[in-house]
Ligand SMILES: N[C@@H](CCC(=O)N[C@@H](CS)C(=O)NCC(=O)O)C(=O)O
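What follows is a single chain, given as C-alpha cells, in the form predicted on its own.
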C-alpha cells in the first residue's frame, strides 16, 4: 500500500495519482491541511505536496517527478519511463522542464482566474475541514477570500503576472508542443509515457483561463488532453472547474480579454532548453506581517488586472 499525501485539486498531485493508477499500484489518499502540512511532518524528506510513503519499503519521497521515477524503478511493471536510455532521459527532461515552467505558470494563472471571478472558491479548496468546515459557509467564504487571496498572491506572485510575462512565456512554450503532438501523438517516442502524464496533468488549470482554453493554436492540445483523460479514466473536471463554470453560466460572462498582451512572434520562441537535474519552484515565503502588504496586491488583481470581461462561451474542446 502506498500513502499519497495530497491536496485533491493540485495538478501535481493528479500527475502522481494518474501514475499510480496506470501502474495498478494499491494506494490511499490522505488529505492534508494546506497551511500546516502537519500530516506530513513525521517524514524525513522535503515537505512538499505531493508526498508518498511506500509502506512496503518505508520510503517517503516528495515532488511529483521524483515520485514517478521511484515508482517506475521500484515497481517496473506497466513502465512509465521508456526502456531506451536516450528516450528515458528525454522523458525525464520533459518532466522536469514542464514541472518548472508549465506547472508553475498554469498554477499562477489558474488561481488568478479564480481570484478575478469567484474568490470565495478559495476557502472551499484550502479550508474544507478547518473548524469543521466553518469557512466553507457562504458568508464566511466571502470574508475569508481576501485573506486567502492576499496570501496566495504574495506566495506565487500573481500580481506580477504581467511583469513576469507569464502569458507570453506559456504561449511560446505550448504552441510548438501542440504542433509536435499533432505530428507525433506523444512527447517521446511512439508510446504513452510519464512525459505525457506530466503535460496533460499540468495543463489542467489552463482549462479555466480563457486566453488559453480558447486559443486557436492550442485547441488540438486540449483535445489531446481530453482524449487522454477519457482513455485513462481521469476526472472530467475538478471542483474549481465546476464552480467557475457555474458562475460563468449564471453571469453570462468571464474575465478573458488580456488587454496588454500581444502575439508572440515566432522568433521569440524558446531555443534549446537547458539540461535540468531537479525541477524548480516559485514559492515565496509569507508571514503574518507581510500578509498585510498582500491585500492591496490582491485587490488590484481582483479589480484592476487589465483582464476584461467577455461573453461566456464554453471552450470548444469540451464539446462531445
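Positions refer to the first chain, counted from 1. No experiment lies behind these values; they were computed from the predicted model shown.
Form predicted together with this ligand: not shown, discussed below.
S.K.: Within 4.5 Å of this ligand in the predicted complex, do 49, 107 and 156 each have at least one heavy atom?
M.R.: Result yes, every residue of the spot touches this ligand.
S.K.: Can you tell me which of 281 to 289, 52 to 60, 248 to 256, 22 to 30 lies within 4.5 Å of this ligand in the predicted complex, counting heavy atoms only?
M.R.: Selected range: 281 to 289.
S.K.: At the 4.5 Å heavy atom threshold, is residue 196 in contact with this ligand in the predicted complex?
M.R.: Taking the distances in the predicted complex, the answer for residue 196 is no, it never comes within 4.5 Å of this ligand.
S.K.: Using 4.5 Å between non-hydrogen atoms, is residue 4 touching this ligand in the predicted complex?
M.R.: Answer no; every heavy atom of residue 4 is more than 4.5 Å from this ligand in the predicted complex.
S.K.: Answer yes if any heavy atom of residue 18 is within 4.5 Å of a heavy atom of this ligand in the predicted complex; otherwise answer no.
M.R.: It does not: once this ligand is placed as it appears in the predicted complex, residue 18 has no heavy atom within 4.5 Å of it.
S.K.: If we define contact as a non-hydrogen atom of the residue within 4.5 angstroms of the partner, is residue 298 a contact of this ligand in the predicted complex?
M.R.: Answer no; every heavy atom of residue 298 is more than 4.5 Å from this ligand in the predicted complex.
S.K.: What are the residues of 194 to 212, in order along the chain, with a heavy atom within 4.5 Å of this ligand in the predicted complex?
M.R.: The stretch 194 to 212, when checked against this ligand in the predicted complex, contributes no residue at the 4.5 Å heavy-atom cut-off.
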